[in-house]
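Same chain, two forms, each on its own as structure tokens: structure 1, then structure 2.
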Structure 1
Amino acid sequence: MNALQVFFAMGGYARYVWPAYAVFFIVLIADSIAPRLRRRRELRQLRARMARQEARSAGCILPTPSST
């Protein structure tokens, strides 16, 4: 076997090592994406709340989205 095959075989433990690396990287990616998605959602909700508040103060009443 060449050195690269030996490395990827991980001394016979590749079956356990590579899935562990995969889970680690999946969690790392999810951990970096989740706050961005949460921030977008919060900003969208804040903009909607501000628009409703502005409409109320202007005398117009906007329909609120139904939560069904």
Structure 2
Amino acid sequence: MNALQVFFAMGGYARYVWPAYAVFFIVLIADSIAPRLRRRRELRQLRARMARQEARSAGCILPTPSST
């Protein structure tokens, strides 16, 4: 066995150690992606609302009532 295999075998405890580290990284990555997605969604909604307001103030009549 080469050194890398020894490292990944974790002295026979690989099936406990690596899942633990996997959970750690998966949960934290999910935790850091969630606000990024939310931020993008919020900004997109806000831009849409700003565009609607601009269109209204320019004199267009919108088919849907805006909920601002």
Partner chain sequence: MSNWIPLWLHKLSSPPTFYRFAGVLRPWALALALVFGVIGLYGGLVLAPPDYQQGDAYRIIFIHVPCAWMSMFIYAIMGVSAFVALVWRIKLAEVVAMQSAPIGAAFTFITLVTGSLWGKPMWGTWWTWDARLTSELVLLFLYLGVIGLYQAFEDRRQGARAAGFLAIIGVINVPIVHFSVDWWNTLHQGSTVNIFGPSKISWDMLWPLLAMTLATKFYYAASLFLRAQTDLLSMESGKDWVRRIAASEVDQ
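What you are looking at is a predicted structure, and each value in this text was computed from that prediction instead of being measured. Rigid core here is just the name for the largest C-alpha set that superposes within 1.5 Å across the two forms. Residue positions are counted from 1 along structure 1's sequence.
Between the two displayed forms of this chain, it is structure 2 that matches the form predicted together with its partner chain. Superposition on the rigid core between structures 1 and 2 places the CA atom of Ala51 less than 2 Å from its counterpart. A movement of the C-alpha atom of Tyr13 reaching 2 angstroms or beyond is seen between structures 1 and 2 when the two forms are aligned on their rigid core.
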